[in-house]
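The data below hold one chain only, encoded as structure tokens and taken in the form predicted alone.
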């Protein structure tokens, strides 16, 4: 470990970052010469909402590379429901016994972030969502956070360590305005120094009433104004937004948009979307509840098995027009359906690439279909 207490890549891939009982399991099995070929499935029995977004497959692929295992999974960015297997792993148990802790950690965390981003994007009604929350997590995982937020539907992210290809966006902090002592000088400095393609979004609630500052910002050339009033001082946010929008319009600044940030929830986004052009969402994405996946052995040496409360045997998800069901893989697929789990690893060799933009496209297509079905 380095001086920031970060577990390095080699420790994770070698299975040394694991729960102690897996170490003890390995010792017992190895001493007795046992290493059965098993099939294990990863499922979540409950979700923070009706559906989840499967994310983190890129790290799973890296973790299992070179191992004597095969894996079929949902494509990254797929919508899934409680009880559906998102990953199926087959191989000698000792090949992946020590990796379970890291494997689950990868997908539990990333899927939780992607799910929250997708649920917020679905609630936004076409408005832009920006991921502003990586500062709420350890900086070592900022790249993962922004990747998962992007896959979940965020239109841009704020962290400069986001994977290449993801738009990085942000305005100015209260600190800049405080360093200049007044917003006008800070806005002018930002305008002089920011690249021309950066939108001139001016923060408008550092010292004064929002109505006064947004009009000053609009006169100073803002393309949009950002309200980031601390939750403890908001009062009636609906009324504040209505007043700001009214004053901008009545003074001839109809084209100046409103950008809202500061402790926003999915309910806030849904409530304010008719008056706001874009939302900066922090903890509701970065601190989203993890998806509580578990890994269970369902077959040993070809024989269906299960622990109490689980269903034995290999399963698949079958989907078609008007139907989506989990069934034993040994049964014939229902008419008009196809299995959703796809081979991704064969004997430790990757069969497919994890394309984050393709994953994002899956999420956005699902959000669009949900919206269409609600009309």
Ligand code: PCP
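Residue numbers count along the first chain shown, from 1. These figures come from a predicted structure and were not determined experimentally.
What comes next is about the form predicted in complex with this ligand, which does not appear here.
Stretch 167-175 is the contacting one of 80-88, 238-246, 294-302, 167-175, since its residues have non-hydrogen atoms within 4.5 Å of this ligand in the predicted complex.
Among heavy atoms of residue 142, none comes within 4.5 Å of this ligand in the predicted complex. Shown alone here, residue 128 lies farther than 4.5 Å from this ligand in the predicted complex, counting heavy atoms only. Although the partner is absent here, residue 159 lies well away from this ligand in the predicted complex, with no heavy atom inside 4.5 Å. Heavy atoms of residue 118 never reach within 4.5 Å of this ligand in the predicted complex, leaving it off the interface. Of the candidates 105, 75, 257, 262, 262 is the one whose heavy atoms come within 4.5 Å of this ligand in the predicted complex; the others do not. Between this ligand and the residues 100, 228, 210, 95, the one pair within 4.5 Å by heavy atoms in the predicted complex involves 228. Shown without its partner, the chain has 132, 135, 136 in segment 130-153 as residues with a non-hydrogen atom within 4.5 angstroms of this ligand in the predicted complex.
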